[in-house]
Ligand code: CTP
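Taking the form predicted on its own, here's one chain by itself in structure tokens.
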């Protein structure tokens, strides 16, 4: 997806510098040619030899090489690399580097290359929560946006200082996806000489304000508005800041014997999308998931626990049922074998019929035992009479919202990356379709709009 692209990764002096090693590998696997620039402080966390071995390029730290021969050949290296790059990414970008970038201080190779770059520049601000919320940092973020830099909002969670808050470097796979997005949309350079007479934001619609996918004035997490809100001490990282969210994902397995079970085709993709969306909106998230669910795209700060059967899931849900928001995305088997054999049942010894019994109705239990102020979101998959059955479920389970989808619709349901859903509340309904990631974000925006 990035074959032939030239990417420069800037690494600054934060504990998250180790994640940049994984980012380099992801970009190389996608076909990109990667070079790395490090600040002197970054070399205290990761050695230049690591990046040199991975990229098969020299790693630049100083503007002026130390030997005389090198100086005569490479003293303009910051200009050359700035012209070579299709995209320049600073991950992590410490508060110190952010401040030097926006004030034009070019006292090392990284800041000099950024000043000379003719390509888009993506900054991933990463620091401790109180530093991130500081007025000077917020002002520098605003300056960066005004100058046309692209910003990626940090995650929130447990920080190296031992505190909780915003400031975590996004996971390498998230940064890679953002890089792909910027390259695919053909964004203009962050600062171009052709645009010096225009306000920087004229060509940065993706950075400020609304978009085609959101109401006017509504900003997504990676707009400067969303990022500045996440830095503000009184507004946090989104509408779910300081809320605990419980999400379930994937299929339960109801065993007949040690090798056979009743289950369904759920892969847990929608549940993972809901968990990530809640995390991105500031929540502390616990994800209960089936063992087969792919967690590779989830932020590391999301707590995960596996479940197997409906009964196992029920016990774990009860343990965490005090969450502020519960999102029951898991595809729970309605029936299980009435008895389970300790040993494999031989084909010739198996009965002609199988006796089943009902599994616990977890959503109904949650509805009966919910605490005041708790938000309960259920999921329903149907093959006919979608809205009618979803509304019945909403009332029967005492839920606040039901996310319903029709298994027979194209690009919806099990094992696909897209979905078409009907979000039903007591007095309203919304049709949403798109990637499961965008659907999850739309559902949470609709639920918590008020």
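Residue numbers count along the first chain shown, from 1. Since the structure is predicted, the reported quantities are computational estimates derived from the model, not experimental observations.
We do not show the form predicted in complex with ligand CTP, though everything after this point is about it.
By the criterion of a heavy atom within 4.5 Å, residue 330 is counted among the residues contacting ligand CTP in the model of the complex. For the chain shown alone, residue 334 is a contact residue for ligand CTP in the model of the complex, at least one non-hydrogen atom being within 4.5 angstroms. When contacts are judged by a 4.5 Å heavy atom cut-off, residue 33 does not count as touching ligand CTP in the model of the complex. Contact annotation: residue 382 falls within 4.5 Å of ligand CTP in the model of the complex, judged by heavy atom distances. This chain is displayed without ligand CTP, yet in the model of the complex the stretch 391-399 from 421-429, 391-399, 36-44, 56-64 comes within 4.5 Å of it by heavy atoms. Interface residue among 86, 361, 257, 174, judged by heavy atoms within 4.5 Å of ligand CTP in the model of the complex: 361. Proximity to ligand CTP in the model of the complex, defined as a heavy atom within 4.5 Å, singles out one entry of 378, 154, 148, 268, which is 378.
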